[in-house]
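You are given structure tokens for the same protein chain in two forms, set apart as structure 1 and structure 2.
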Structure 1
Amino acid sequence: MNDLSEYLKQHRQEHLDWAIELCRIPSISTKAENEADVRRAVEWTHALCSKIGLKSTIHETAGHPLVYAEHCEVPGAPTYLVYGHVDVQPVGKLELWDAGPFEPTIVDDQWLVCRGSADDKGQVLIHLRAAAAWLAVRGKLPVNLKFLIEAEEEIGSPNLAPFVKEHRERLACDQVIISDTGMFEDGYPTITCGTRGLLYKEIKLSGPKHDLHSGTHGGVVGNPATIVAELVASLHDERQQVNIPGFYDDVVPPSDALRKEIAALPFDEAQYVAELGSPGTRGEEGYTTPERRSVRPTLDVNGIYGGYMAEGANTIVPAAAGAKVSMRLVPNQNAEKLSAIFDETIRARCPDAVRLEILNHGCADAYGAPTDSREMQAARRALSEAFGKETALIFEGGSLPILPMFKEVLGADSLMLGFAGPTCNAHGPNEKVRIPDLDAGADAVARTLGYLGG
């Protein structure tokens, strides 16, 4: 496969320019004002797919459009569906970014810094680079390859499942290949064997019809800010376990073998918290930090709000308050069942001195991939070669709700090849990806396709 590696090396700058161009487009899928930008990112991707030799089409959905491209010219060879997304998260506070989020910059000669560099534009392009290399150098692909690249992942992919269901014949494949996960360490080739599920809730409380003077009405009417704090605080017990009845009922404790494997991976806790700037860890008693991050379910407050939030003092009883709370679920937990239990629990705990509304922002089961498939073996070999290091198999703490969906609709498992390092800060300011990892990633994927083709 050295001819492919050579081609990728020679086209390194051109391929990096692809990432820079695509990342310049502020394709924030959750913001109405960026609708045209999202479409532009889809059109750009479609154009690139066509340019490298794929048959590409743009499909409209009820929301943002998506790209479907394919090159299926090897009868009898296996078929793979590459999934990715070109929409991005909002940028948050601009002052936290060292440069504009959509002005890609190269830092320390190795980091591509901008929104979408890691999640997921940079990673999507790895697959297009590999396909481009095969088509340019060998004039064909070693397998049948399909690309499904959407622009609604960051808003929960509301139109993906309907599309996959409608086109299930066309999308038929042996496995799905996804690069939207992380690496264990920078430069450390990593395959993710499982992702956690996500249950995301918003508790919204309302009390008086407007803010009240707290001297006159405080300590008397139900205070939404006080009560939301109580409800949120009730969600953990003193051992830092999630305090929702039955939450752990279906959780399979990690086996001793798995715990040993996790413990064997390099991890320096002091360095970890120092890098994040956190004063310290806090999590479920009885488990290590790497275990809490991957094979144990967790609950976090993602946001809390209510009343006077600006500088200084305002003596009010707030009219309303709320909290955004999300849970990461592990395989065998049932997100829908827990969703109902969560709602019941909060309803039972909420005093009737406020009105309660619970919003759903996400409900997806965890996913576990088979670790003995020929796809896993081929990828493991290819990654180790391209990165010059033994490949790690890990469980990812984040969630990819599309994985159970692909399994259900297409009957296909997913092979997760992640190329974003642990400090990539996806969803946060100064999102970044290591360019050498993108380069090795393209080489690794080109090799993987070769091994899968036989």
Structure 2
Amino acid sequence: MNDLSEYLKQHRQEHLDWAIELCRIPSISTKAENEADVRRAVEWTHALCSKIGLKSTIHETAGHPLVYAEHCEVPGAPTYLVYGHVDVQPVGKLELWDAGPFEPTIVDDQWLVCRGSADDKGQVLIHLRAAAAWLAVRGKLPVNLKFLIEAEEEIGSPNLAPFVKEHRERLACDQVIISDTGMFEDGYPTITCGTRGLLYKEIKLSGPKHDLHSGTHGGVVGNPATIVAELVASLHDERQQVNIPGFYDDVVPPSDALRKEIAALPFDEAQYVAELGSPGTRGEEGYTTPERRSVRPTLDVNGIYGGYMAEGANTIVPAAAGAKVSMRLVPNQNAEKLSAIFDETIRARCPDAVRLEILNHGCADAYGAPTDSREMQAARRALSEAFGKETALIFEGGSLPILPMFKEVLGADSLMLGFAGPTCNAHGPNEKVRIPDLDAGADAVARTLGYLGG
């Protein structure tokens, strides 16, 4: 596929300019004042799809619009649906950015720094670059290709599932291709084989109708802060396993082959801890840090609140306290089932001396892709050729609820090709992506399409 690679090299600057133009648009989907900017990003993407030779349309939803584009002109060839998004996160504190978040900056001739460069505008454009190369050089694609590019991913994709269900026949495909994941390290070709599910809970406790004097009432009434600490402390045992009955019942332990593959990844624990600024690691006994981060279920306390926390002392029994807790689930665990078990467990452990309320803030199952599929093998070969090194297969510790949704509605598995490095600062200040990884990614996707087309 040297002609495709050569085309991509010759048009490298033009394609970098695409990323710069798209990333200049402040398409923050969560802010009402950026509604016009989000639409502008969708319109820009639609125009590019049309320019490179795809049949593209903009579809309205109950929220922000989305782009659907396709090039389906190869009878009998497999069909693939590329998913991505062009909305971005808020920028946070501007003083933490070295330059304007929407003023794309190239640093050291290697990095494109701006909001959306990694998540997900730069990665979406990789697939359009690959399609453009095929259409310009060969005049056609080797497979039937569809694009679904939304603008609500950063607010939970509230209108994506309804759209997919309504247009399931149009979106029918052999597999979904997604580049919204990451690389194991910069320059290291990586395919994500699965993502963990998510269960997010808030435990709210209330006691007296107002804060009480601890000298008069301490040790007499139920103290919400003390009890929430007891509940949180009960959620792990001495081996750092999650202490909820039945939590591990459906967990399939990682196979020896998988553990061997994880162990072969170039992971330096000392460097990892140093980069985090943490004194050390702590987790479930019997598993390594890379295994705990990816193929094992976890429970973390995300926050504890309640009582007096300002300067000085205020001797009270607080009227209320609470905690927010999230669980990362692995394939075969059922989020709704565990949600009910969690609630039942907390109610059983909570004394009658306080009132208890449990709120749900998120529930999604894990997803695991078949590692022996034709698509997986084609992509693994293509990425290794484009990057010049063996492709890593990893499991992502985070969650992508759209993956089980695509599987349920379209009956299609997902191929996750990530091209953003682990230090890309997605969602944080100075978000960045390594430009050589974008270039090699476009080459890899072009090769993947070729191999999928036979």
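The model shown is predicted, which means the values in this text are computed figures rather than measured ones. Between two forms, the rigid core is defined as the largest C-alpha subset superposing within 1.5 Å. Numbering runs along the sequence of structure 1, starting at 1.
Between the two chain copies, the one drawn from the form predicted alone is structure 2. Taking 2 Å as the criterion, residue 283 counts as shifted between structure 1 and structure 2: its C-alpha moves by at least this amount when the rigid core is aligned. Relative to the superposed core, residue 217 undergoes a C-alpha shift of no less than 2 Å between structure 1 and structure 2.
Relative to the superposed core, residue 258 undergoes a C-alpha shift of no less than 2 Å between structure 1 and structure 2. Overlaying the rigid core between structure 1 and structure 2 leaves the Cα of residue 302 displaced by 4.9 angstrom. Taking the rigid core as reference, the CA displacement of residue 352 between structure 1 and structure 2 comes to 8.4 Å.
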